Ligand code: NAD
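Shown below, as structure tokens, is a lone chain in the form predicted on its own; questions about how it binds or moves come after it.
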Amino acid sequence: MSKKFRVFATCDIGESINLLRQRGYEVEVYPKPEAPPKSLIIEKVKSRIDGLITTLRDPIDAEVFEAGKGTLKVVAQIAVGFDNINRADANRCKIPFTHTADVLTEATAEFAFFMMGALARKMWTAEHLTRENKWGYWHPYLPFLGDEVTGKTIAVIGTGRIGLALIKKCTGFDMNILCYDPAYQNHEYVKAVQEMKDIRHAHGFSRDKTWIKYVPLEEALAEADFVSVHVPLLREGETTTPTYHLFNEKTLRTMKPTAYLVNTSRGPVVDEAALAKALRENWIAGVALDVYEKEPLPGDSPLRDPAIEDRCRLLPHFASAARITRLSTDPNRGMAGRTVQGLIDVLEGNYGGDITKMPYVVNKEAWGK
């Protein structure tokens, strides 16, 4: 390359950083595990870097884009979501930003499935019973029983890539599947899954006939034993189908008192005050969360109430935290690899330098005709 590109990364993303250096890039990595202060990001951008590698923790808005106007060429985010990046500001300054969609699909879907099982089978409660030496006898149903996942009904809220991947896994557990998506319904996929279910039953893999169908939200919530959330965060004014606080007092009361909720999408999709109330008053049986309205989860969050801890699993936003998914240098397998490839595409002018053809760029509309 004739030009030596300068890049600042707000966190270490593993071996992929060295791949950039091997290409002649000058890469500086923020060394601490916490997010850098915004003032530092602005300082680095003002120093005329060409590329910025970011995470969901970093607020990337007008201040950052204006600081890099004329010099900053790309923001490469190691995440699918980009709630932290102001799209309008990026477009106004004509700075493309990339994300890592698809490579974390299976990891997130399996995590949601595992959380569903851990919650329903009361694994946290059972382990505490054992660790605290309170397991004094064996009994068929005392001190508690969990719930099976096999054969139950799940509502998959949001049928994008991750929702569809979860459906695939639920099919193997002979679950009936209620689908809801406020924006797009993939009827071809649902038809194919139903054909698979019918074949499983015909060949004796499944004892009972099972089904999958799209239904309205109210029906999905009212009939499901498990509800798994996979929608993007969309606020009022951004869309005709907002998802901010989609789960609130009204929708939580619609669920069965024996039902479980799992959220691996975005924290603000769930009203946490309403959720804590739902658990305290037993509107639902339990919840597993990997995302929150504010992250990290504040010390005074109502979700930390000891009165609901046996039914409320709290995880640190790590549904995609699997070795290959997070750190593989292969852009077809790892978030880190895809982050770096998105950065390289823009800086090195791949795809004939046409931003609209670069697969990992989000805000292509700023370069559209």
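The structure presented is a predicted model; accordingly, all values stated were derived computationally and were not measured. One-based numbering along the sequence shown.
The protein also exists as the form predicted together with this ligand; that form is not presented, and the subsequent description refers to it.
Visitor: Taking L104, T159 and P182 together, does each of them reach this ligand in the predicted complex with some heavy atom inside 4.5 Å?
Guide: Contact check passed for all of L104, T159 and P182.
Visitor: Look at the stretches 233-241, 67-75, 277-285, 117-125 and give the one with heavy atoms within 4.5 Å of this ligand in the predicted complex.
Guide: In the other structure, the partner sits against 233-241.
Visitor: Using heavy atoms only and a 4.5 Å cut-off, determine which of V193, V149, L246, C93 is in contact with this ligand in the predicted complex.
Guide: Checked against the cut-off, the match is L246.
Visitor: Could you tell me which one of R266, R200, K169, K256 places a heavy atom within 4.5 Å of this ligand in the predicted complex?
Guide: Checking each option against this ligand in the predicted complex, the one that comes within 4.5 Å is R266.
Visitor: How about D225: is it within 4.5 Å of this ligand in the predicted complex, going by heavy atoms?
Guide: Taking the distances in the predicted complex, the answer for D225 is no, it never comes within 4.5 Å of this ligand.
Visitor: Classify V45 as contacting or not contacting this ligand in the predicted complex by the rule of any non-hydrogen atom within 4.5 angstroms, answering yes or no.
Guide: Contact with this ligand, no.
Visitor: If you check in the predicted complex, is A319 within 4.5 Å of this ligand, heavy atoms only?
Guide: A319: contacts this ligand in the predicted complex.
Visitor: Although the partner isn't part of this model, could you tell me whether M175 comes within 4.5 Å of this ligand in the predicted complex, counting any heavy atom of the residue?
Guide: So M175 does not count as contacting this ligand.
Visitor: Who in 276-294 is close to this ligand in the predicted complex, meaning a heavy atom within 4.5 Å?
Guide: Going through 276-294 in order - heavy atoms within 4.5 Å of this ligand in the predicted complex - the hits are D290, V291.
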